[in-house]
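Next up is one chain by itself, shown in structure tokens, the form predicted alone.
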């Protein structure tokens, strides 16, 4: 693995060490070591089937690794310990690939769901929080009464993001947030990720294979290949590392490299 240390500090939000995960004879993670720095936008990239989303699920505690450890703000993740898992997850927010909105609930009730479940707020306080959250993702209360089916793909992503940040997580994770979106909506979602990260001062992890958007928002890139992290560091470092697999993955972005000289 090639690691560029210039963009890293001693403040680590997530520390992954020696992570291994297999399903039968299929080895997906073969010893992943990775540090996610506090307050940065980190893109985890790689080809299909390299284990990007699987890594996210292990960080969330949905799946346990076979070997290795995951520490979140110094606390050891243990998917078998429900109380500890619940305690650690208070730091985490996640936006799934399809948004995972509740189809039977309005936009308002989707965004307010965790607020109602976890906080003792009055109706007026909940209304104010929902309005503020919708505004932060570029939507107005006029959308609040709509069903998810009445929204565009980009609007559904926005609502899902508003719901995900409602409980003020310290770490926000996105699983392939731009898959299936048109180029204009892709850039809208990408810019929204950056804006939300800055506004809420989040540590952000984005699982993606979209190399054409990563350079506009990422502060760090981790590249997975053959079950290991083959590169981690600043985006421009992918053009300087002597690794044929990294070079091949980002070959279409050579114009970006030339334009930035």
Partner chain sequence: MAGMKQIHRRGHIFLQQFDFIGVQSLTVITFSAIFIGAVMAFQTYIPLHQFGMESFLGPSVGIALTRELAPVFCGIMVAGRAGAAIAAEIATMRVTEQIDAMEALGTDPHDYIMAPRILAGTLVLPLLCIYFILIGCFAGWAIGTLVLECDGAVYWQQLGWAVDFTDVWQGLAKAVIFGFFVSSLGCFYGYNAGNSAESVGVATNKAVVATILLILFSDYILTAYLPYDPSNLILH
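Predicted, not measured: the structure shown is a model, and the values here were computed from it. Residue numbers count along the first chain shown, from 1.
Below, we turn to the form predicted in complex with its partner chain, even though it does not appear here.
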Contact of residue 57 with its partner chain in the predicted complex (heavy atom, 4.5 Å): yes
query: Is residue 120 one of the residues lying within 4.5 Å of its partner chain in the predicted complex, judged by heavy atom distances?
result: yes
query: Any of the heavy atoms of residue 102 lying within 4.5 Å of its partner chain in the predicted complex?
result: yes
message: Although the partner isn't part of this model, could you tell me whether residue 97 comes within 4.5 Å of its partner chain in the predicted complex, counting any heavy atom of the residue?
response: yes
query: Which one, 132-140, 184-192, 87-95, 70-78, holds residues whose non-hydrogen atoms are within 4.5 Å of its partner chain in the predicted complex?
result: 87-95
